[in-house]
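A lone chain, given as structure tokens: the form predicted alone.
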């Protein structure tokens, strides 16, 4: 039976930097997307090819989701390159096992590639990237308004009556809960993607290893289920990432500016 471990296996090292099977899987996905995109872009024309139609549909879908979340076409265009890259990477990475024989390639007895999202460090890195970008954008728009969502000290200083002080104290405590909630978003976003991909891989391996007759036809429904789960999780991560950044920006945007954006959208 193929050995499945939660930590990614180190295949080799480049100086002090260990290169794991998940790193190589992510590199393979990146190169694959780059090559396909480069080859497809050379054939784009007024009369679209099939792959051009796929790219155009994906582009329209991503732009629609960004415009709905941000309510601003200009901001949606600015975020478009990042989010379409994220979505393409996750879809291809999660469906990598559909490539024939890719996981049969070994190096010194170990599998050379692994599903990138089945390594928790990669999903945490993606979630932390979204977390950092959301707060940088919010601080850039209005540092004071953004920090007010987490440190509500002003109502405490202005409180004069017992009820005002009580309400200000509640708001102050809610600010701490919001801080905890921000870190919970990172854990939730990363653990959901990792858990589903890793569980799907384990499920298929367990079915295959039950007996000799379960290695061929029996695993097919479970493989299909695992691939569908990978596609769904790619979309979930993509959509939640958009919402996290949009909510952070919206919370830092002054009310007057928010109304103006809605009137232009």
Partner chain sequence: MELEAVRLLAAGLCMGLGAIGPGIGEGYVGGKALEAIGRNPSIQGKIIPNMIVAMAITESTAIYSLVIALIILFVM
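Small disclaimer: the values here were computed from a predicted structure and weren't measured. Positions refer to the first chain, counted from 1.
Omitted from view is the form predicted together with the partner chain, to which the following refers.
Segment assignment from 197 to 205, 216 to 224, 44 to 52, 25 to 33: heavy atom within 4.5 Å of the partner chain in the predicted complex: Contact-bearing stretch, as computed: 197 to 205.
Output flag, 69, 78 and 137 jointly within 4.5 Å of the partner chain in the predicted complex, heavy atom basis: Not one of the three qualifies.
Residue 191: touches the partner chain in the predicted complex, heavy atom cutoff 4.5 angstroms: Yes, residue 191 sits close enough to the partner chain in the predicted complex that at least one of its heavy atoms falls within 4.5 Å.
In the predicted complex, residue 39 touching the partner chain (heavy atom, 4.5 Å): No, residue 39 sits far enough from the partner chain in the predicted complex that none of its heavy atoms falls within 4.5 Å.
is_contact(residue 232, the partner chain) in the predicted complex, heavy atom dist at most 4.5 Å: Judged by the heavy-atom cut-off of 4.5 Å, residue 232 is in contact with the partner chain in the predicted complex.
Partner proximity in the predicted complex: residue 58 to the partner chain, non-hydrogen atom cutoff 4.5 Å: No, residue 58 is distant from the partner.
Within 4.5 Å of the partner chain in the predicted complex: residues from 232 to 247 (heavy atom criterion): 232, 233, 236, 239, 240, in sequence order.
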